[in-house]
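The chain that follows stands alone, in the form predicted alone, written as structure tokens.
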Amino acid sequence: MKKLEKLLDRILRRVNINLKVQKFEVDPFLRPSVPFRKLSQFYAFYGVTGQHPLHFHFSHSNLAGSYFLGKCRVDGSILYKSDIRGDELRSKGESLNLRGIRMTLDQDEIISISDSLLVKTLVHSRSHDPENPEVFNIKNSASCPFANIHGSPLEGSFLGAFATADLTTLHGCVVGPFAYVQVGELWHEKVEPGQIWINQTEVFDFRYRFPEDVLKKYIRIEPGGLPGGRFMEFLNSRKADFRRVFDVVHLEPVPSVPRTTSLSRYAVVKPKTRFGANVLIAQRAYIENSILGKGSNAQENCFIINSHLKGNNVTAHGAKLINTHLQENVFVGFNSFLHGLAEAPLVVGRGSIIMPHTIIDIREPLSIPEDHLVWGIITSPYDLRLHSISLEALAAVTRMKTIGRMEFCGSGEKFVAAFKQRINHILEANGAYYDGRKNKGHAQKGQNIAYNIIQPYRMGAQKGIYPTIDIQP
């Protein structure tokens, strides 16, 4: 495994050099999470649909257990059980507006990952870097388990465990564990653990930071150790359920899946589960004893257990619902953790927005009213008063609003409008509005994916390295 060892050292050095200004070294946070001796035992796989752009190129890399859909190039990188989902990349000839300038793409957009280490990380959407609209670039960067890179090019940056970079271009930045950023562009910034930051320049700014003691209960990581806390305990307790999905070639089909619903072959579906029409269940999702109504979705790394989603519900990447009932049109953001009671499920009212990286872990019955924005840590009705606001009241804010540890300034009306527009776009892209003829989305386009596997060298100096492969239509 000499070449693989050299590759790992080379990547870590490159990331460290880029983060020298931050005085931050990534080695202690990443090496323990990479099962180095096992990397040669996993296969990678890619999907072919006829409806997504196909061109994969892999060279001098390890791709252990990773999944690819849509154009992607990987050079000199290690991707361990990461999902690279390029099904929303822009196509050649597509016209777009970038900072007021109309531009037409001269070539198909591609995800380019070079000199990077991504550990159990999701990469999705299209690039939101206006200077490079045809390349979603991840270079000299690293990410810890269960981070999300959503439309966010990275250069010389680091994402901690359960961190999310959303529609943000990062240059030489460190994003701490369970932090979420959606701010357009950052240069040489350090985002503290548990910081939730949404900013649109001169329009609005939302900030909240989890108390340190609360954060450590749910996700903690010490240099040289593996991530721990309640999130990891929850995931580890269900890890075995995924083994059969990846080890068995032919699985029995799940009964009664509507023809307009897409259920990934790499999702876990346990008994007593029902799906409505136009539902999307992505790879590595986990569904047990639950009902997902028409137009709902469970994106990558979602867990939905003993829950009921009425319809047109968005459960974003990494979100977890346990003993939870969502009324229609509820949005649950990235890596949120909603844990109700078996005898009194958590109820979220129609049209409410659960902010990314929200923790609702109740000890007594709780119902969230309709059309509310919710954030932070909530364990009781008292907490809800300090961590929520009606969308109507927020839309009336024009300057500054402080509720508990949350600070908002700018136009509440534009903040609410932007969120609603994005939720509608997600539902549209996922095929929630498909009527049998029009408005096809991922739930319809992803029904007939053919999966192909690729494997690394199993012995010798190149053990763990994948051969150079170029896959074209």
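Residue positions are given as counts along the sequence shown, with the first one as 1. The model shown is predicted, which means the values in this text are computed figures rather than measured ones.
The form predicted together with another copy of the chain exists for this protein as well; it is not shown, and the discussion that follows is about that form.
Asks: Within a 4.5 Å heavy atom cut-off, is residue 12 in contact with another copy of the chain in the predicted bound form?
Replies: Result no; residue 12 lies far from another copy of the chain in the predicted bound form.
Asks: Closest heavy atom of residue 462 to another copy of the chain in the predicted bound form, within 4.5 Å or not?
Replies: Close contact exists here: in the predicted bound form, residue 462 approaches another copy of the chain to within 4.5 Å, heavy atoms only.
Asks: Residue 23 versus another copy of the chain, in the predicted bound form: is there a non-hydrogen atom within 4.5 Å?
Replies: Residue 23: no contact with another copy of the chain in the predicted bound form.
Asks: Residue-level question: is residue 213 within 4.5 Å of another copy of the chain in the predicted bound form, judged on heavy atoms?
Replies: Result no; residue 213 lies far from another copy of the chain in the predicted bound form.
Asks: Counting only non-hydrogen atoms, choose the one of 25-33, 424-432, 47-55, 408-416 that falls within 4.5 Å of another copy of the chain in the predicted bound form.
Replies: So the stretch in question is 47-55.
Asks: Where, within 145-180, is there a heavy atom within 4.5 Å of another copy of the chain in the predicted bound form? Residue list please.
Replies: If the 4.5 Å heavy-atom criterion is applied to another copy of the chain in the predicted bound form, 145-180 yields nothing.
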